[in-house]
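Only one chain is included here, represented as structure tokens and corresponding to the form predicted alone.
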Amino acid sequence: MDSIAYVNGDFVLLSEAKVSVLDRGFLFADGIYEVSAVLGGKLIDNDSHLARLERSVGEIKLPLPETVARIKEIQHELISRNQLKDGLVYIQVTRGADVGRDFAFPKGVKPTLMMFTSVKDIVNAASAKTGIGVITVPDIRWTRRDIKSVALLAQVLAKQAAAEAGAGEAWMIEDGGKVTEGGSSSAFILTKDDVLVTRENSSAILPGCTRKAVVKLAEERQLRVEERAFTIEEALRAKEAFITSASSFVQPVVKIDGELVADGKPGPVALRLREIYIEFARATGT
């Protein structure tokens, strides 16, 4: 069944949704996106995602064409119209379409706002029980990774390399093998000393909303958390590894570049954090 999308004020069939070929998102990747999970028909941690959306558009001087309150209304309307129980709501804002192609910001052009939903059973994903493998690739992205830009070519290439290798994710590395983050996720390890380690927020990584929630939930349960860079070598010596994202919640990592992490099975801490996050999601969804 064709789902319903939202484009610049109109609800239309996704197969019929269109923007101009002169849209700057298409020509220059001049835009920002966000993805919020839906569980039981409710948006998960959505305020965090919309706050990040506001920050990202602000960093590139792109005004939102609707208020955040209105964007929330559209999200809920899409969930309702599509009878979405479990899945994702995608939001994209671009600088809009001018009469031609020029690098400088156009004047008098209204930004494009586009949104759609997709079905995904995140809770019951088989890979959450078996764990996933990751491969490593050089981090070739620009230096403002804290901005959730639609310019995702480096991540596309990383995720394609992972797919071709039969892996579930790619970890991007730089500075002598230090992990920045996954192609569409945040990276964590659990050290031999039972310390959760994840990269500190900076312009080097995207400030993950699920990452932020998981760190808080872990600290509330007296788990030690260190926000710092870690290397692949350290990850391979770790007791556990996992990723977090809106589209996977908490996902154990059992193999890195073909080498097993610990015994090659999902670890108890990652599995428990996944349970805790799902409990949090069910209790706080809006």
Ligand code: PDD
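Please read all numbers here as calculations on a predicted model, not as lab measurements. Note that residue numbering follows the sequence shown and begins at 1.
Not on display, but discussed next: the form predicted together with N-(5'-phosphopyridoxyl)-D-alanine.
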Does N-(5'-phosphopyridoxyl)-D-alanine come within 4.5 Å of any heavy atom of N46 in the predicted bound form? no
Looking at the partner-bound form in the predicted bound form, is T231 within 4.5 Å of N-(5'-phosphopyridoxyl)-D-alanine by any heavy atom? no
Hey, in the predicted bound form, does L223 get a heavy atom within 4.5 angstroms of N-(5'-phosphopyridoxyl)-D-alanine? no
I'd like to know if R141 sits close to N-(5'-phosphopyridoxyl)-D-alanine in the predicted bound form, meaning any non-hydrogen atom pair within 4.5 angstroms. yes
Quick check: do Q155, C209 and A246 each get a heavy atom within 4.5 Å of N-(5'-phosphopyridoxyl)-D-alanine in the predicted bound form? yes
Note: exactly one of G168, G183, G96, G87 sits with a heavy atom within 4.5 Å of N-(5'-phosphopyridoxyl)-D-alanine in the predicted bound form, namely G183
L217, L39, V35, L27: which sits within 4.5 Å of N-(5'-phosphopyridoxyl)-D-alanine in the predicted bound form by any heavy atom? V35
Just one of 74-82, 183-191, 126-134, 102-110 has residues with a heavy atom within 4.5 Å of N-(5'-phosphopyridoxyl)-D-alanine in the predicted bound form, so point it out. 183-191
